[in-house]
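Next up: just one chain, as structure tokens, the form predicted alone.
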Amino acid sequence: MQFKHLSIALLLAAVAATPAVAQELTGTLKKIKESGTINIGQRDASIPFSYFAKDGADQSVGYAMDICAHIVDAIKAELKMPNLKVAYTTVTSATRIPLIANGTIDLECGSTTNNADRQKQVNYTNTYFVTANRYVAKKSSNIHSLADLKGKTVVSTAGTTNIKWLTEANTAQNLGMSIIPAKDHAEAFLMVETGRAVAFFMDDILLAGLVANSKAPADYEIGSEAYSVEPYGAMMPKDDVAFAKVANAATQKLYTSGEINALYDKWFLKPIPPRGITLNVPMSPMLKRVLANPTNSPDPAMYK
């Protein structure tokens, strides 16, 4: 009996002394490891987050793309794959969530609002920007409030939180607006530019980018009324704890180390391609608080 107890004790001691075996990869990390490629979802016209800086480009540039590059570096280190291939897929407001959900893309880097409804389908990295839903109209239209748009034709981008809010507000407030769903932000802004719509509802930072890069920036005015809070994060597959851990550790390090400040200045306070326009949007006190204490909460109350 004593010999048996001694044998068990020695066995337990040996197990305790054995180095822990690396946990087997699962989910997105396993897929990336086996394929040798990570697929990034990018936008073509979400200035300054993710957009094509020149005609014929196949890779976007922008604030979100730079943040995602840090995440990719962290994944390379995690998988010990310094030569990991990065592929890019251009997504739209309507296709971005389905392409994450079905595994076509691994990480979506753009101007995507994090909310509770979307978190039923996808996950998000720590928030990297906070904006608000507003409208842009030509100054000559004499639009100063939502009430001024009663019975008029307006536009928003299909598949966005903005067009969902607009549709609900139109019904609830009996505004009688005719709402056009545009395929992307560029098409929506063009409708206002050419007079096919009086106003375009979208996140104010995206409107600022479109106005700044338009033919006549002085012709436009962004409404002062804010209709909703819109926190942005990069989308990731839902319920993939291992992948989210790597991505959020990378963003937390980027934010709390202060490195994010240089990235922010690069895209919001300095001239950006292709025309060297400066958006001149200083970091808001709210965003400073969010970056100092990273969160991926979808609760709007966290961002007020």
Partner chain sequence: MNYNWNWGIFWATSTDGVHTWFGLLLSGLAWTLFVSFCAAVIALVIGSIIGIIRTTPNKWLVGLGNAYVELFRNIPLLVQLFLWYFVLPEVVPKGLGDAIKAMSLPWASFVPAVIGLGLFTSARVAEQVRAGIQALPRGQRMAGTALGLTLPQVYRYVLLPMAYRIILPPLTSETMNLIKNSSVALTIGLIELTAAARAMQEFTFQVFEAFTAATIIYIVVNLIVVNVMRIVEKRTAVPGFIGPAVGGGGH
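The structure displayed is predicted, hence computed values, not measured ones. Residue numbers count along the first chain shown, from 1.
One more form of this protein exists, namely the form predicted together with the partner chain; it is left out here, but the text below deals with it.
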Any chance all of Ala94, Arg118 and Ile163 sit within 4.5 Å of the partner chain in the model of the complex, going by non-hydrogen atoms? yes
Can you work out whether Glu168 and the partner chain are in contact in the model of the complex, taking contact to mean some heavy atom pair no more than 4.5 Å apart? yes
Please determine whether Met191 contacts the partner chain in the model of the complex, using a 4.5 Å cut-off between heavy atoms. yes
is_contact(Ser178, the partner chain) in the model of the complex, heavy atom dist at most 4.5 Å: yes
So, Pro217 and the partner chain: in the model of the complex, are they within 4.5 Å at any heavy atom pair? no
Considering non-hydrogen atoms and a 4.5 Å limit, which listed residue (His144, Arg196, Lys85, Lys139) is close to the partner chain in the model of the complex? Arg196
Contact segment among 97-105, 201-209, 76-84, 129-137, judged by heavy atoms lying within 4.5 Å of the partner chain in the model of the complex: 97-105
Could you list which residues of 206-245 come within 4.5 Å of the partner chain in the model of the complex, counting heavy atoms only? none
